[in-house]
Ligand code: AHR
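As structure tokens, one chain now follows by itself in the form predicted alone.
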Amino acid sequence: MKILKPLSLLLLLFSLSVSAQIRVAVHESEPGPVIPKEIYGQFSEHLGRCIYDGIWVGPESSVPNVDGYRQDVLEALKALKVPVLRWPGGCFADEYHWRDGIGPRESRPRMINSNWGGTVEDNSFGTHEFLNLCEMLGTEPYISGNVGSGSVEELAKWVEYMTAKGGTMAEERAANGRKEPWKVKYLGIGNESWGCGGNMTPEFYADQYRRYATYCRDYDGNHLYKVASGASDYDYNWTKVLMEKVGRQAAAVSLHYYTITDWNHKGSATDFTDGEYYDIIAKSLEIEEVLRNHEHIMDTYDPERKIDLLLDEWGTWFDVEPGTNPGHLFQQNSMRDALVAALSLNIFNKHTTRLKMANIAQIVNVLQSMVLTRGDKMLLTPTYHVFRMYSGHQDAVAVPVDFSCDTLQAPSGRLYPTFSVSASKSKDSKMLVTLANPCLDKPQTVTLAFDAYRPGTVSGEILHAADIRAHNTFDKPQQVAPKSFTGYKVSGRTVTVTLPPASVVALTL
């Protein structure tokens, strides 16, 4: 045994220095379901600098803007092809009274945002500003309604104000500058009703949902897709009760899942050990088990899968950047976040027979955001680049894949696979294959073996940094950015790819 120990160590070190070999069977001849574009959705809340300074600076600002919307952010979001945007929260939604955000901006009431830092909310960004933004971006609005501190009448009137062609609400909307109604599909009936949205029991909330949903009506061809406020993480009983008591009265139930290993010590977004990195990776991948368990409960009550599951809040959550308001949740975004995004999206693409939407938290300046701003400067985060690289999966047909890889144990005890992949085929017959190698210490050699398909032209992009802690700053905004990828070889029906450690690759065939 004394002789074997150094030998075992030598073999371990050798195994870490050579590329792992993985074979992926790509079954393009057995197409799966369409991957809804809404899987790549976003979330915006009146929290910190997400709305103000992030999306909205006002028409009088010295920051270049289009009718008050930051021009640089607007252009970045258009390039991202945002399919759906959730607003106004989050916890803020259940203290938001929509009438405070309409009419002349100078006359709108001010309030204390008691959920997020105690800052003053001036309501200069309200219903018109949000829905007009969605039209400018070509994105579907997802309204989160106030159940916690609001009333049935208040939410019902808001729906009428936004979507009715005639009547008193439509006349008021026209007086505020918008004659034609907006199209609003997604309506959330409350948010986190088990917590900041009212601290309700699932039984009480289910009754509230039925009551609110009854009076939120369809007007003039606008059909509401009503979403019941669902569970947090591992609260499977909440989903069970909703399925029992709400059932087909909801088009969908929601789910929230944040990648946090310790709520009391979330850790730094950029200063972390390799062990802490693997703990986060393993925790992010646990979402697949959580999805399976909620889906199993839903299948029991709804075997035909008429009710959808929406993961309308997800992402990493770390300590705020030093010197910033703890209630504003401003965090940096490193290559680690990019790996979490890539691994998570590859999982979501596999679950779309039930999972129909996912909204990362949040779009600008909050948690795992796409964009960070400071004054008149803006940068794109590593997570933004992953979403842009993966955008070809939107509304494409999923292509099943089979493979096996090593499974390792993080310091926390959670297990994680050492490789991830997803494939889809678009309407124009292009195939997108997205691959992620979360290992810090070894490359992966991956052979994609197709059933009958013979790849012709192949183009690739890679997101990679020498240090997993690398991130973009306002002084150096291009430290983590996609580059052209040529680390592949095509031979007949196979493509062999070499993935560097801690990298994300997108191949278009």
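Don't overthink the numbering: it's just position in the shown sequence, from 1. This one's a predicted model, so the numbers in the text were calculated from it and none came from an experiment.
Same protein, other form: the form predicted together with this ligand, not shown, and the subject of what follows.
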Residue among 438, 145, 90, 230 with a heavy atom within 4.5 Å of this ligand in the model of the complex: 90
Just one of 329, 345, 372, 206 has a heavy atom within 4.5 Å of this ligand in the model of the complex. Which one? 329
Taking 191, 256 and 313 as the candidate spot, are all three within 4.5 angstroms of this ligand in the model of the complex by heavy atoms? yes
For the interface check, one of 42 to 50, 444 to 452, 479 to 487, 27 to 35 should have non-hydrogen atoms within 4.5 Å of this ligand in the model of the complex; which one? 42 to 50
At 4.5 Å between heavy atoms, is residue 317 in contact with this ligand in the model of the complex? yes
Does at least one non-hydrogen atom of residue 281 fall within 4.5 angstroms of this ligand in the model of the complex? no
With the partner left out here, check for me: in the model of the complex, does some heavy atom of residue 386 sit within 4.5 Å of this ligand? no
In the model of the complex, does residue 367 come within 4.5 Å of this ligand, counting heavy atoms only? yes
